[in-house]
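Here you'll find one protein chain in two forms, each presented separately as structure tokens under the names structure 1 and structure 2.
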Structure 1
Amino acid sequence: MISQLFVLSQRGDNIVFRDYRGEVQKGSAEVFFRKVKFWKDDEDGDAPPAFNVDGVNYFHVKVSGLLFVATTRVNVSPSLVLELLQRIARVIKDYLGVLNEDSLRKNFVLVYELLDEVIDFGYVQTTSTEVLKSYVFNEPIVVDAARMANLGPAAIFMQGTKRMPGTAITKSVVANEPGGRTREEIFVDIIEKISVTFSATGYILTSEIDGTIQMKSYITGNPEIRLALNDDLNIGRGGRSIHGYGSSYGSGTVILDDCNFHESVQLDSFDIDRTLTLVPSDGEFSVMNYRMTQEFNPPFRINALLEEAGSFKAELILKVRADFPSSITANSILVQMPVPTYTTRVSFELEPGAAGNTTTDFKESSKRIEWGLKKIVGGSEHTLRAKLTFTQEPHGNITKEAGPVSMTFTIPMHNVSRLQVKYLQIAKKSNSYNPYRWVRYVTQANSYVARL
């Protein structure tokens, strides 16, 4: 049971506010944002997803740069409320197509109608886009997806030799195309977030993959879909199946530690031919979530060398090597490294030909170096040299006062686990019915760290 639900912008502007029970003071949104912005319990940390202020429990999640917040005075399960906020954000995105501040402001009447149907007097009624279609009648005002930030090659769907921009998926599932035409398409994303920790010598200390198979359907009639994965896929280190009996595929080449499936997925034939059968619901949802700690080749290798260069000075060399095929290009790369707190100035030396692809910055307030690259082609290596100036002479090992090096990136049409969608079969209603199927692979950094 919740008392209030509101959505704030990154600036703290109250975009949507709904008070269901009148138990919490009206200024709760300002109290929440002030507490989150000036969180003091941990100097370097962010506010936790759930906390209490003056007897009011606040729960929040951040989605697409927006803060979805719920308040209550009663003792409720934090995981329940946080999951509810995630589902509300997903339902709004299904209806609006694009979830951002602009789309919320233009569709506030529709959003309030959705919230009134999802929650009644603080109690959840439904979070199903398909069920809500029967009760919500306002039409969404479409926001131009072309004005969104360009993701480059990451925003490309593939179907054989055909390509479609990723903005094709940012359409409402309840609105038809211009002219009254219906869309007959289904989009599948295999998104993997990898966590890797390297030692100072480049040895891999920890590695893990958190993956999800995301689906968004624009197919009318909700036909049955069969999604086939690798034949050599195994669940569990011992090759055990999710139903508790051994798999017949031996050790296999793709071993997932564990996984879970959407409630609509039927697993009758999964242990036989690794095929998932489901009737997709309207909107975007996760068909399968999985985790993998099997050894894999990390897409990037990071090397950092920091040495003293006389009194009050030091030299830094950062190297990033792309260990993936040259046919693949990574984009939105950002390398960050904390430097000693007594650093006052940093001068950078770029490699030849780096202009236009590279940005460098020294964040003096946080004592951090930032190195950005627009794109990196597979098989290439990039180097950044920097000279650091200090206010005092370092004492002891300077590397203990700097680092570790962290990295974020996006690699479209590439996944390191080798999990693949072999085919996506749709039960046809007629011989002329042949919807488009689009599949995209994306690898992102969850925690990519190298120690000095």
Structure 2
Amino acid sequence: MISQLFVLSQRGDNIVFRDYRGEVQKGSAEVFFRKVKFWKDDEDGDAPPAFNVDGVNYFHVKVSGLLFVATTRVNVSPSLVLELLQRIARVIKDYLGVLNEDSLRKNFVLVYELLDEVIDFGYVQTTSTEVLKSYVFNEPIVVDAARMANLGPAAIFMQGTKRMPGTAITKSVVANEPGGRTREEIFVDIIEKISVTFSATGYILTSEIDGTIQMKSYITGNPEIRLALNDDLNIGRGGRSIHGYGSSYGSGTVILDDCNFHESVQLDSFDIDRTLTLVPSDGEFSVMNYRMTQEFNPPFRINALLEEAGSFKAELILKVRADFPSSITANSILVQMPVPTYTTRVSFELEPGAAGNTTTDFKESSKRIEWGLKKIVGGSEHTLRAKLTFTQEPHGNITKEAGPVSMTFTIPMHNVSRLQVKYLQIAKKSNSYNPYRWVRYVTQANSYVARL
């Protein structure tokens, strides 16, 4: 069980501190922060999420730039503690709308009240916002959403098209709208993080999709909801060998390696028609997580060519091609590549018309070049040329001293797995009852790497 729980700012300030058992000394937050800060004396690696100092075990996770920490003296389940810390962050965000130092400080009484209901004597009681609502009485003081920082994957919908209600994700699930009436709406986000490793020749070495169907409901009265997924969805790669007809899967079939579900999800009809039934609780939660290694069409192809060009010089050509429909636009693209450590200067040459859309930079200290693009329209190709100047002759094969090329991006309204929410049905209270439903897709790069 947990002895203490505290939240620290990035500078190590104590924002929230709750002691549940009085068996760990008071200075633990300081001990913890010093240990984490000076882990290896430098940024050479982060402190692992669980470690022991003088008989006290410290667990921590980072959420929105805050450190959520728990201490214990006993041999607890570490995944329980770490998962709990994530959930506490989520519950607080559900309540406050925005999770940051400012909102925590403004609402500390509420936060303490929450922490007292979430944990008793070090034992988790509940982390469901829905359940907590009946025990927690403080009202959140909502801080200005305009000043908030990182919001996680769904944040993309903030900048997206106008149809997206921008305030959705920063809205507290308990606080009332200024108008006094909450809008009946529900958000279902299909978020896919993809990892691809290309070999030097462009061949796909590994590829993986980590997906989540995330839900956030502002519907009153908790009606039952049905989510229908692709009806030919298959689970378990083992299935292939059972049927023995590997080729019988058409291109339309989606095969998941594994998936798991939120505890509120009823799977009675899932095996039959791939529908999920649930009564969504308040707050944000993952209805389903899935993992897929089935081959898919990677949204970007990366082509890198690095060649020596005379003594102490080399030329680099980076090409990125967007392999998705032209109706879709990726944004926040950043391509990075380490160059040989003896590189002193890099001069870039942009393609015509790229000016407003592109940034380039050579990070002297980490010997990396960065190429940023605001937008890439599906089907288009972009090229960056760069001249590298060295202080010495390369040791041999220059490509072994540079790379790999890595890339981050976000593609709204596109998912590579082809998993779909076919429909979202809400049990009707009356004929006129028709809440807003938002089903949104987003693809993000996790580890998207091309080797040289």
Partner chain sequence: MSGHDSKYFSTTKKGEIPELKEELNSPYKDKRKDAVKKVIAAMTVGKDVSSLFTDVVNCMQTENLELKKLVYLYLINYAKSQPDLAILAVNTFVKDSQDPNPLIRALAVRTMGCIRVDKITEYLCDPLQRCLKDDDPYVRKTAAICVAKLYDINAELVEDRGFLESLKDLISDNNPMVVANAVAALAEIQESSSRPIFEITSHTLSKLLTALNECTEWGQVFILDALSRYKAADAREAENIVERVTPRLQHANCAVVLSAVKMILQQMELITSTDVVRNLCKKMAPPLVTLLSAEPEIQYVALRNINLIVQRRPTILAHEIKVFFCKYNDPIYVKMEKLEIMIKLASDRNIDQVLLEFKEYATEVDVDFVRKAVRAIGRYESIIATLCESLDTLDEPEAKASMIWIIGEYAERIDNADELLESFLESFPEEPPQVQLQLLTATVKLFLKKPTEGPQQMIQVVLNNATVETDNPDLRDRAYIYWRLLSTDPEAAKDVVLAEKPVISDDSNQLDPSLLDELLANIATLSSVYHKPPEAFVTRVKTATQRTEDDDYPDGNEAGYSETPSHAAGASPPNSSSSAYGATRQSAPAPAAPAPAAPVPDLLGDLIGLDNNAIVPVDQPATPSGPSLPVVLPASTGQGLQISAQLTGQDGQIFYSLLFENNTQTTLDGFMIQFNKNSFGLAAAGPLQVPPLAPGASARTLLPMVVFQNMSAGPPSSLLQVAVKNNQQPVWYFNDKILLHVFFTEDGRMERTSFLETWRSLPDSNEVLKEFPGIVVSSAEATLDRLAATNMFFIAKRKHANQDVFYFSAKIPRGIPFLIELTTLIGNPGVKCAIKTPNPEMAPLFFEAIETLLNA
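Worth saying up front: this structure is predicted, and the values here are computed from it rather than measured. When a residue number appears, read it as a position in the sequence of structure 1, where counting begins at 1. C-alpha atoms forming the largest set that superposes within 1.5 Å between two forms make up the rigid core.
Structure 1 is taken from the form predicted on its own, while structure 2 is not. Relative to the superposed core, V24 undergoes a C-alpha shift of no less than 2 Å between structures 1 and 2.
The Cα shift for K319 between structures 1 and 2, taken after rigid core superposition, is smaller than 2 angstroms. Remark: with the core as the superposition reference, the CA shift of V56 between structures 1 and 2 reaches 2 Å or more. Taking the core as the reference frame, the CA atom of T126 shifts 2.3 angstrom between structures 1 and 2.
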